[in-house]
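Coming up is one lone chain in structure tokens, specifically the form predicted alone.
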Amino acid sequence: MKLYSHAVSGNCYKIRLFLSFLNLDCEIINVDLLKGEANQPKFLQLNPLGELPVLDDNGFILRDSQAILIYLAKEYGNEQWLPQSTRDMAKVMVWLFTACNEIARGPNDARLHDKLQFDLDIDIARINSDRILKIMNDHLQDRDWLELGHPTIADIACFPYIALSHEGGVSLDLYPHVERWVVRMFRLPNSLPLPQ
């Protein structure tokens, strides 16, 4: 198994984190996004979008972090990570879509602006960040995990850019339930340090 990854990417980190949780051996192939390596013809054969991460599981090529989480959960995990029940699966999936929409356009965009100097509207990113953090904080008020009373791929999908929100000038100080959830994620067996 190979993972095409970038050390700073939160989307790549979530896959490395889940691989660690599953105790799966995987060769990490670093692709330097900032030097344009993802736009080279060889890489574009793997992912025509020129984006990371990309998983190669013995010739099965898959792009998109959310899709990779689902694949790994179904192929190598168990129902703890992605339940079979339609309703429970739907609850988990809501958070995967939240990760690639509200969290991506909030804390992720703020981090891209501040840390990597992307030309993004930082005011909109911080407004979006506060909105999703309030929703998550309210949701986590009476629970330890996003859904089902235990960690799932919902938590993994949302975790990186929430935990890295400070790199986009977004503080978690007003969101104590989110802060406690971040701490719980770090305490899981085989957790990994955040990307730098």
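Because the structure is a prediction, the values reported are computed rather than measured. So that there is no doubt, residue numbering starts at 1 and follows the sequence shown.
Omitted from view is the form predicted together with another copy of the chain, to which the following refers.
In the model of the complex, at least one heavy atom of Arg63 sits within 4.5 Å of another copy of the chain. Another copy of the chain in the model of the complex is approached by Glu102, whose closest heavy atom lies within 4.5 angstroms of it. Mapping the unseen interface onto this chain, Lys115 falls outside it, with no heavy atom inside 4.5 Å of another copy of the chain in the model of the complex.
Proximity of Met89 to another copy of the chain in the model of the complex falls within the 4.5 Å heavy atom cutoff. Residues from 45 to 79 that approach another copy of the chain in the model of the complex with a non-hydrogen atom closer than or equal to 4.5 Å are Pro48, Leu49, Glu51, Asp57, Phe60, Leu62, Arg63, Asp64, Gln66, Ala67, Ile70, Tyr71, Lys74, Glu75, in the order they occur in the chain.
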